[in-house]
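A lone chain, given as C-alpha cells: the form predicted on its own.
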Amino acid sequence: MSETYSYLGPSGTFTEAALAQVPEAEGKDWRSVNNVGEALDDVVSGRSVAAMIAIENSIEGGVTATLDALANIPGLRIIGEYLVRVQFVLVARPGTTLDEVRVVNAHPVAYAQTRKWLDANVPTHGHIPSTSNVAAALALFENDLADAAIAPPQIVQHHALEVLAENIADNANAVTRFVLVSKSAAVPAPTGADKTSIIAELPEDRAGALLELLEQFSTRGVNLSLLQSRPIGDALGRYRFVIDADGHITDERVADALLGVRRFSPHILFLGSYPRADKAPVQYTARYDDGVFLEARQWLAALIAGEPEA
C-alpha cells in the first residue's frame, strides 16, 4: 500500500507547494482535503502518514485553526517545517481584460494582502469572499458573479485561467510557514539549526505568571521565535501558549528549559523538535553550551557523593 500525504487542496494551493518541498513525499499519493481538521484526522486515523498544514504567516501571525487543532488532538508531532513565499496573481476567464473587472473573488486573507493594489488598479471593485484561494478562482467557472479572482500563481498550471496581473501582494516579503505533522514519536536528530515547539498552560491567572513561564527559557539562553496565546475555553482569562524555541530537545539548555516548564505548567504538550526551514544555525552565548550544564550536573553529583572539592 502506497504512503499517502494529506494537504489543503485542491491542486494549486500554497499548501501543495509546501508539500512539494518534502523529498519523502515525492512519488507518493497526495490526498487533497478541505480543512486542517480533516488533514489531521487523516493522520490520526492512519489514512495518511503525514499532513502538511499552515501554522504561521509573516503578516497575519499564527493560524488559529491549526494552533487550536494541535492543542486538542493528542499524539501528533511536527517532523519538519517549510516556507512558501506568498505571491498572488489576478486571474480571469479567458478573454477578460483588466478594465472589465468589476467584482473580485478572494479569500479574506488574500484580499487583505492585496487590497492596496486592488484599490489602486481596480478602484471601484466589489469583493466576494471565498473559502480558499483556489476556490476563489474555480468559482469563475461556476457562475458569473465575479469577473476575476485573487489566486496563487501556480493555479494556471491546473486550470484554464488568464493572468491579468502578477505580483499584486502589498507586501512582497510575505511568507507562510507550514509544518509536516505525523504520529511518529521519534524525534529527528539534531542538526544545529533546529526548532522545538510546545504548548503550555499557565498555572493560574495572576500577575507575573506569564513572566515566570518565559523566564524558564530566558535564564537558559533559549530564544523564542513564536509566542502565541490561545484561549483554553474553560473560563475567561485562561490561556495556553504556543511556543517555538530555538534549539533541539537534546540540547542541554533546551532540555533544562523544558524541565523548568514541566515543573511550572499544569499541562505541557511537546509538539516536536525538527530542522528549521531556513537552516540557520541557532545562535547562543558560550555560557549556555552543553558542557556548562554537564559540568554543573557533575559538580552537584560530586557534592552529593561526598567527594572533596577540587
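Note that residue numbering begins at 1 and tracks the sequence as displayed. Because the structure is a prediction, the values reported are computed rather than measured.
Only in words, not in the display: the form predicted in complex with a small molecule, which the text now covers.
Checked against the small molecule in the predicted complex, the residues Val109, Val122, Ala169, Leu213 give one hit for a heavy atom within 4.5 Å, which is Val109. Only one of the listed residues (Ser132, Ser197, Gln228, Ser182) places a non-hydrogen atom within 4.5 angstroms of the small molecule in the predicted complex, and that residue is Ser132. With the small molecule omitted here, the record of contacts in the predicted complex names 132-140 of 213-221, 97-105, 198-206, 132-140, defined by a heavy atom within 4.5 Å. Remark: Leu164 does not count among the residues lining the small molecule in the predicted complex, judged by a heavy atom distance of 4.5 Å or less. Contact annotation: Asn57 falls within 4.5 Å of the small molecule in the predicted complex, judged by heavy atom distances.
At least one heavy atom of Val63 is located within 4.5 Å of the small molecule in the predicted complex. Taking the partner from elsewhere, Gln113 is found to have a heavy atom lying within 4.5 Å of the small molecule in the predicted complex.
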